[in-house]
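Below sits a lone chain in structure tokens, taken as the form predicted alone.
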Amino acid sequence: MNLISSEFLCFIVLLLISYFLVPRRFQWWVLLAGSLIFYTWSGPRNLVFIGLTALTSWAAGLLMDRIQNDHKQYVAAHKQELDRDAKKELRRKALLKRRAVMAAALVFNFGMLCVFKYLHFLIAQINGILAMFHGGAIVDTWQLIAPMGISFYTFQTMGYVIDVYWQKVPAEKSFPRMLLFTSFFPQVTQGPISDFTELTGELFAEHTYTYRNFSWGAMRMMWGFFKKMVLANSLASYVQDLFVNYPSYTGIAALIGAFGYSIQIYADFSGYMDIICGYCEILGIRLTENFQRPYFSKSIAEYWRRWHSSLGRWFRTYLYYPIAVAKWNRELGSRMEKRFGKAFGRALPASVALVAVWLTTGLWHGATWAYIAWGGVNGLFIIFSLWMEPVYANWKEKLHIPEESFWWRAFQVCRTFLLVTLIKVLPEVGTLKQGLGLWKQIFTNHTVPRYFAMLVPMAHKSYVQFLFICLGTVLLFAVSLIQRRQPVRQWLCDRVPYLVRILIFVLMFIVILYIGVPLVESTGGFMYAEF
């Protein structure tokens, strides 16, 4: 069910009415029923896989909790008989049992994810190696279509399983509640990837309808529809043409197209987040925010803390920190510190963890060498910045550059946006070779276009769409500037007269209706749903 379809609008209206009509203690059952209907709409077979993920995560949590409780009860019952070493051994055995349960859940669910997303890629790589040795190729006859949202709900539920193992959260006793946590429909296709305690605290609380929640949520939803249907979809055909025909573009025209892609994917993904967060706000539910004005970042590391921040948090919590503080990694850092100095030894464990995180991030986004390279390039920039931090500080001191200077911050923001844009397009052109070809075109073809239409072909094809791209981009920038100081909706309510607000939203609705709606059929759904 596409979020920008009439079916979805009817669905969320009916669910909203049902949600506030039932007694508040049953509201989460309405959400569960709605989530299962929404997910079944994509294909009944998909319900089997999300059900398996919910079931195995729920069972693993209960089993780990039971092992821990049995251990505590046994120790308490035999307290007088057990010496310190015996207690330590019992604790070790209980830990190993819980670790085995966690590992089984992780292997099963990540294995299911890998089969659907990476089996074809793996077979292709094996066939490439076999061809080098003149061996026979493996015939790939598997017709595998990844279940909707499997990358998102797998990471979310596996985070829960690890948290139960770490005893950060109690095991969920109710399977229906676990199923809702896994399948909550607004976030199942594109995130955010929520923390168990945060999300369940919102889902299972009792909520009352308020006009403020309705008006603020509706405003955010309309802003999300505008970003997706007008701005992102207007850019889609232009950007697609660039990716397909980049050899025919001059370097500067290709770079402008790459900037267009950065705007498109931000408007697309953050537009989705605005729609679903706005709808949840009407219900009284607060979802984890996924964007904090990422294009105002001063470094690539900061950018990734602001862009798709829930995914970044998952990788930091469950991959980066465990590797960075692992005994073998710390010992490696200590050995290197003795040989190459303190700075090298201290930076090495973090660098090893960052390599693992960014190669995994690349694979998470797509099973291609282009995405693996994309992840690797992001990681290299972040690692390089980590190692060069003392050097940068020394240069700034010698050149007398104040850290809070407006011009220095503006330079950092522009530099980061340029780097992010160049990295971002690498996997989106097609193959890795084609992505590198676009880079080559940008950096080597310095022909100056003689006509504006050659510089920005979109302007020549459709002046109306080009106008709305320009106006939408300016509006996006203005909203982000206001958002730095206070919520835009608060600013509208406090600073803008009521009649002017009404006029703004009427105009936005008309633009969505007459510009956005006709573009829906030709541009398809949301981009991040593919991940």
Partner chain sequence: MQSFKQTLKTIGCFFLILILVMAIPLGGYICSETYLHQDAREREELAGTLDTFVLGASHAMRAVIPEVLDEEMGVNSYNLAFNLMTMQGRLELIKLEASRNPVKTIIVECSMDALTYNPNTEVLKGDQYTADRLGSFPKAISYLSRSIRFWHYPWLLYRYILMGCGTVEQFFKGEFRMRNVNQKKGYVPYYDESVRLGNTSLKKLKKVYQTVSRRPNVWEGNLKYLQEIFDFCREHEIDLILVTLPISERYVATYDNLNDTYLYYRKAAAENGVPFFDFNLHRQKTELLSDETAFRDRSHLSNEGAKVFIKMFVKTLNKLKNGEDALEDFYEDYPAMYAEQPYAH
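None of the values given here were measured: they were computed from a predicted structure. Residue numbers count along the first chain shown, from 1.
Another form exists, predicted together with the partner chain; not displayed. Remarks below refer to it.
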Just to confirm the contact call: exactly one of 470-478, 28-36, 44-52, 491-499 touches the partner chain in the predicted bound form at a 4.5 Å heavy atom cutoff, so which is it? 491-499
Should residue 211 be classed as touching the partner chain in the predicted bound form when contacts are defined as heavy atoms within 4.5 Å? yes
The partner chain contact at residue 13 in the predicted bound form, heavy atom, 4.5 Å: no
Does residue 503 reach the partner chain in the predicted bound form, with heavy atoms at most 4.5 Å apart? yes
Distance check, residue 517 to the partner chain in the predicted bound form, heavy atom within 4.5 Å: yes
Could you check which residue among 263, 222, 348, 413 gets a heavy atom within 4.5 Å of the partner chain in the predicted bound form? 222
Spell it out for me: taking the partner chain in the predicted bound form, does every residue among 463, 507 and 510 have a heavy atom no farther than 4.5 Å from it? yes
